[in-house]
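In structure tokens, one chain follows: the form predicted alone.
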């Protein structure tokens, strides 16, 4: 499996969950979890989709184990962080460790992504396969 495919699929799941969560908040009139909803949409939808685009543009990196590790860590970190932030903002202090651990996981994933990008760009690898057949 490729990192871009996992990124795109997870991003779509996250945006659907985020939209449903937003509708639930609107219907109930309780917007206390809005910061968690925003984190889920930004980290889960926007960031993952952007990772997917980058990886799709760099096919050699897209198939690399480190890219899959980065995406997997981001997905798990996003879920843990969103749950923690949601708990904190709805009055449950027990969510603070989850928010902290999730934040550290997302940071570690971003540092790995930064390392992959800088390494890839410095190596001057082609951004797309010139020998790939047209579809």
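Everything quoted here is computed from the prediction, not taken from an experiment. Numbering follows the first chain given and starts at 1.
The following text describes the form predicted together with a small molecule, which does not appear among the structures shown.
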Q. Any idea which of 77-85, 91-99, 26-34, 55-63 reaches within 4.5 Å of the small molecule in the predicted complex, heavy atoms considered?
A. 26-34
Q. If you check in the predicted complex, do 19, 22 and 45 all have a non-hydrogen atom within 4.5 Å of the small molecule?
A. yes
Q) Can residue 108 be called a contact residue for the small molecule in the predicted complex at 4.5 Å between heavy atoms? A) no
Q | Proximity of residue 15 to the small molecule in the predicted complex, heavy atoms at 4.5 Å | A | yes
Q. Would residue 104 sit within 4.5 Å of the small molecule in the predicted complex, counting heavy atoms only?
A. no
(Q) Under a 4.5 Å heavy atom criterion, is residue 50 part of the interface with the small molecule in the predicted complex? (A) no
